[in-house]
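Only one chain is shown below, in structure tokens, and it's the form predicted alone.
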């Protein structure tokens, strides 16, 4: 028999991977590598170039999709009106900072609370199930879009609100794309860690039980409606925070960013990246944003392309890109254990 020598660090790495596959670690190897790469990435790019601005936009949408992943991926709630919370946060921050002169930190907090308030407005339909809730949430998103478009005295209609002041925090001006990158990146990291902590808490156990079988969860005394309401409120608050950031990144806000195709695009990000995986939400966001940028000349067919991609992944890769990576890691672990 060939002698086996295992370096302690290597043994720890494989054990870490096994526990990561079981969702028992807050920070996975993927998360650490991604965080380090994200911190160092601007050093490899032109600090004032288009790519940094593009990454800023992607990171804001990562905040948005992480919240939707908690709702859809972990609670199994198909929310087709998630862009409404995004819009509530965006308009709140725009109106407070430009019209009332409120400082950015307070406007950011108010946008987060407004997203949460939007979640409260959606909660009465939480007792609907499956396709009925999906259609009701879709209608909720359309109503929000109509309000953004038609309440001209407050939102300026389709013209939108322009010349919104840039974000400022602790004397730092986040006008430049590089400065803004290091404003939004900590928000993404903190939200990711908070959500991972939620998953290993009793609340995360309840979410997993609901996703597996609502009937079984109800039979052991779980209050499904209360758990779903909390999940929607958390995801909506994250969307409101993302709305505040996108407003100060772009310097303007208009209803077109918060219409129903945006909600469908967010669901597409979930499916491509992998439903039920926070790294999958990040992967899916990057994939769709790059696809949108490099297929800009096909803008008339964007939703058709997204629909085709969505159908392809649902049929051939139902667990998304993250699911494929996860399967490869599990296979590697099994091969190593069989040696």
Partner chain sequence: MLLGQIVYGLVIGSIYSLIAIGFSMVFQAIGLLNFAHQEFMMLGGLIGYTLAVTLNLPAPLVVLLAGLGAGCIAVAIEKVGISPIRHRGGAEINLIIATIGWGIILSNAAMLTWDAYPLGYPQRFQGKPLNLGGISIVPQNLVILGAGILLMILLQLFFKRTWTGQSMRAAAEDSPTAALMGIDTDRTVSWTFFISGALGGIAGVFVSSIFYASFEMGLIGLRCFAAAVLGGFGNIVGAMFGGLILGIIETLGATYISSAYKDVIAYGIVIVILLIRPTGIFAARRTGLT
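By rigid core we mean the largest C-alpha set that fits within 1.5 Å across both forms. Positions refer to the first chain, counted from 1. Here the structure is a predicted model, which is why all the values come from computation and not from measurement.
Heads up, the form predicted in complex with its partner chain isn't pictured, but that's what we're talking about next.
Novice: Taking heavy atoms only, is residue 75 within 4.5 angstroms of its partner chain in the predicted complex?
Specialist: Looking in the predicted complex, residue contacts with its partner chain do not include residue 75, since no heavy atom lies within 4.5 Å.
Novice: Should residue 37 be classed as touching its partner chain in the predicted complex when contacts are defined as heavy atoms within 4.5 Å?
Specialist: Residue-level check for residue 37: no, no contact with its partner chain.
Novice: With a 4.5 Å heavy atom cut-off, would you call residue 140 a contact of its partner chain in the predicted complex?
Specialist: Answer yes; at least one heavy atom of residue 140 falls within 4.5 Å of its partner chain in the predicted complex.
Novice: Although its partner chain is absent from this view, report whether residue 268 comes within 4.5 Å of it in the predicted complex, heavy atoms only.
Specialist: Residue 268: contacts its partner chain in the predicted complex.
Novice: Counting any non-hydrogen atom inside 4.5 Å, which residue from 125, 109, 154, 102 sits next to its partner chain in the predicted complex?
Specialist: Checking each option against its partner chain in the predicted complex, the one that comes within 4.5 Å is 125.
Novice: Looking at 120, 178, 113, 135, which is the one with a non-hydrogen atom within 4.5 Å of its partner chain in the predicted complex?
Specialist: Partner contact (heavy atom, 4.5 Å) among the options: 135.
Novice: Tell me the stretch among 170-178, 239-247, 87-95, 127-135 that has any heavy atom within 4.5 angstroms of its partner chain in the predicted complex.
Specialist: Heavy-atom contact with the partner occurs in 127-135.
Novice: Which residues in 295-332 have a heavy atom within 4.5 Å of its partner chain in the predicted complex?
Specialist: Going through 295-332 in order - heavy atoms within 4.5 Å of its partner chain in the predicted complex - the hits are 300, 301, 303, 304, 306, 307, 308, 310, 311, 314, 315, 316, 318.
Novice: With both forms fit on the core, is the shift of the CA atom of residue 306 between the shown form and the other one 2 Å or larger?
Specialist: Yes; residue 306 is a residue whose C-alpha shifts (by 2 Å or more) between the shown form and the other one when the cores are overlaid.
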